[in-house]
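Take a look at this one chain, the form predicted on its own, written out in structure tokens.
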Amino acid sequence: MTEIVLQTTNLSKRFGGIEAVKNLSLEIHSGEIFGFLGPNGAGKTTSINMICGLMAPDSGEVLIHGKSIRGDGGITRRVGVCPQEIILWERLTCFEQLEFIGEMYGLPAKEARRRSDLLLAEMNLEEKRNAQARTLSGGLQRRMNLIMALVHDPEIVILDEPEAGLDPQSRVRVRQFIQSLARRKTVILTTHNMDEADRVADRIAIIDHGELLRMGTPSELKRTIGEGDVVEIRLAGDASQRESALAAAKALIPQADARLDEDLLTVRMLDAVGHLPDLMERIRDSGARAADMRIRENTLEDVFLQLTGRRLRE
């Protein structure tokens, strides 16, 4: 079994009369990319601040390798944080930014320079090595912000909306870089981009109003929560046979949303792939025949909206 690197137990935090985080318990494994999702105001930022030691919880513990970080001055060496806001010194070059951060974390000057050159190469920023930050595009600044969290070679990396504001090319490059970190480091990723989370995260936790709502792999969440996969089957047969096929679909999965529009049978249900063999057998038994079929899988956005609702958040 994969080692548990980071664990929170009953983590809680209040601000006046608002309970921002309520008894949050998580286990994050070595080398995984862990997606941390929630609407605005869900408690993600407060949780992250407690996890990386920037804020003390009112109750509960954060453990790294089973040891509490409370009073641990060395936690900053083991955790790297890339905030959503871009933080760069305008008149320092890209290399100088990285070298400075490395020395702030206590790296010897030679090692800080080596790590800086390595990270610039990994993010395809060698040509900008001597360019001042103020001359960089927004996308290049975002990429710099990301690698600055890695100069001191942390074991755990927290990335807060790392693809925010990026064009498609930069978004793909950053996504590939995040995926390349997997197995070498443990990555905690916060994002509002459901497609990004689905593509890169090994497991996902969804929180709202400070509480953990559900946790699992993207496939597990999509299979068991959400509006369900959509199966569209073009039926061959007469009207009575098609009606029989509709009735058979409803009988097989009572909670499914099954509809018939002329010869098109549409069934929305969770775990459609798992139910498909039985559904096709029921259709054949009804006397109808499937002339054509396609499936649209449940999405992570379906899951997210079902758990957190559709109301707009400030």
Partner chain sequence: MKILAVARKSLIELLREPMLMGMVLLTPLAFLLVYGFAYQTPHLKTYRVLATIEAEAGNDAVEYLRSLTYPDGRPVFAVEIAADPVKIDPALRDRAAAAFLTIEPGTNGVLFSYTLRGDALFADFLSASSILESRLSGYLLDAEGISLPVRVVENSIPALSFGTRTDFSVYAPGLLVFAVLLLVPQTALLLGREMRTRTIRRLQLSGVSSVEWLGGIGLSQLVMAVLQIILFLIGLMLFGLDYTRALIPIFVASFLTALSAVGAGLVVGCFIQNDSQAVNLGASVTMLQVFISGSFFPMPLQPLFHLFGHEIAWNDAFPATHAMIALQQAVTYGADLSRIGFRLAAAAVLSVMFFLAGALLFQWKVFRAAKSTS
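The shown structure was predicted, so the numbers you read here are calculated from the model rather than taken from an experiment. Positions refer to the first chain, counted from 1.
What comes next is about the form predicted together with its partner chain, which is not displayed.
Residue A56 is the only one of V273, A56, L264, A251 with a heavy atom lying within 4.5 Å of its partner chain in the predicted complex.
Residue I87 is the only one of A239, I87, V172, A236 with a heavy atom lying within 4.5 Å of its partner chain in the predicted complex. Looking at I69, you'd find a heavy atom of it within 4.5 angstroms of its partner chain in the predicted complex.
Of the heavy atoms in G139, none are within 4.5 Å of its partner chain in the predicted complex. For the chain shown alone, G216 is not a contact residue for its partner chain in the predicted complex, no non-hydrogen atom being within 4.5 angstroms. A residue is said to contact a partner when one of its heavy atoms sits within 4.5 Å of a partner heavy atom; N49 meets this definition for its partner chain in the predicted complex. Contact with its partner chain in the predicted complex, defined as a heavy atom within 4.5 Å, is made by none of E243, P277 and I283. Here the chain stands by itself, but in the predicted complex one stretch of 175 to 183, 199 to 207, 217 to 225, 87 to 95, 87 to 95, has heavy atoms within 4.5 Å of its partner chain. Counting a residue when any of its non-hydrogen atoms is within 4.5 Å of its partner chain in the predicted complex, the hits in 96 to 134 run E96, E99, F100, I101, E103, M104, Y105, G106, Q132.
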